[in-house]
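Below you'll find only one chain, the form predicted on its own, shown as structure tokens.
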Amino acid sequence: MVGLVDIKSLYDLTGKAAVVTGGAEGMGKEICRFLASAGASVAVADINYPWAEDTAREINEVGGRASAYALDVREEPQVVQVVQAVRREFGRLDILVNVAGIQDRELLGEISLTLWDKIHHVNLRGPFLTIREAAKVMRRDKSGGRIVNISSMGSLHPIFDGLVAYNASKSGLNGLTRNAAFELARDGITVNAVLPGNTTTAGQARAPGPPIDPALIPNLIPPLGRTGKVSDIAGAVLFLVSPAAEWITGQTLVVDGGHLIK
């Protein structure tokens, strides 16, 4: 006799604790909302602490559990302190989602070393530090874990000028993802990356850089006919941190509306 599958249990995060860097707005905020909706306790970690407080409060007001933490992912002492503080508050650490990032644009021939270093420190050094520290806790607790890095479709295929530093940092993040997955697999910790295509966020709109040629705008619309929504990315993250994805690690999941098949 064939029985039905309890599909809801495959996405149930009840009793789990998650850290989301860059969780105060945009993709990060939506990911916090999705994880909390699945039952996880969520640490909203962001350099913009007042906004992180707002996100945590909104989740708590509708019956979820969330706390805000001030975090500049470039700063090693802060990363160490926040990971330990989350472990103390929630009693465990099961999930890390690295969303914090910057997309400042500058053309290859004009980009300064200062901007190059700033982008790599946030987009690559930051995830390295958070993965290292979260993995220490997960290994010590012998509880396994799920780590997801938000990379970019641009790490595989650039689509407009000015993102050389950003795309290079995200390519490095893909390599970090695969190597961390290899080393942490023996501890039952999976590490994957989500590579969003052109997804509309307030942070994207604020990013400084040279204007985009209007003639290129139609090329930014993928075959599915629209730009991405933050919920598209949050859904992919929820899958990768859920029991449904327990045998997936070291993967880079492109979520781009089909842009790479154009």
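This one's a predicted model, so the numbers in the text were calculated from it and none came from an experiment. Numbering starts at 1 and runs along the sequence shown.
Not pictured, yet referred to below: the form predicted in complex with a small molecule.
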query: Which of 137-145, 82-90, 176-184, 99-107 lines the interface with the small molecule in the model of the complex (heavy atom within 4.5 Å); finding: 99-107
query: All of Ala24, Val122 and Tyr166 within 4.5 Å of the small molecule in the model of the complex, heavy atom check; finding: yes
query: Contact residue in the model of the complex, from Val73, Ile131, Ile95, Ile189 (heavy atom within 4.5 Å of the small molecule); finding: Val73
query: 4.5 Å heavy atom contact, Ser37 and the small molecule in the model of the complex; finding: no
query: The small molecule contact at Ile47 in the model of the complex, heavy atom, 4.5 Å; finding: yes
query: Thr199 within 4.5 Å of the small molecule in the model of the complex, heavy atoms; finding: yes
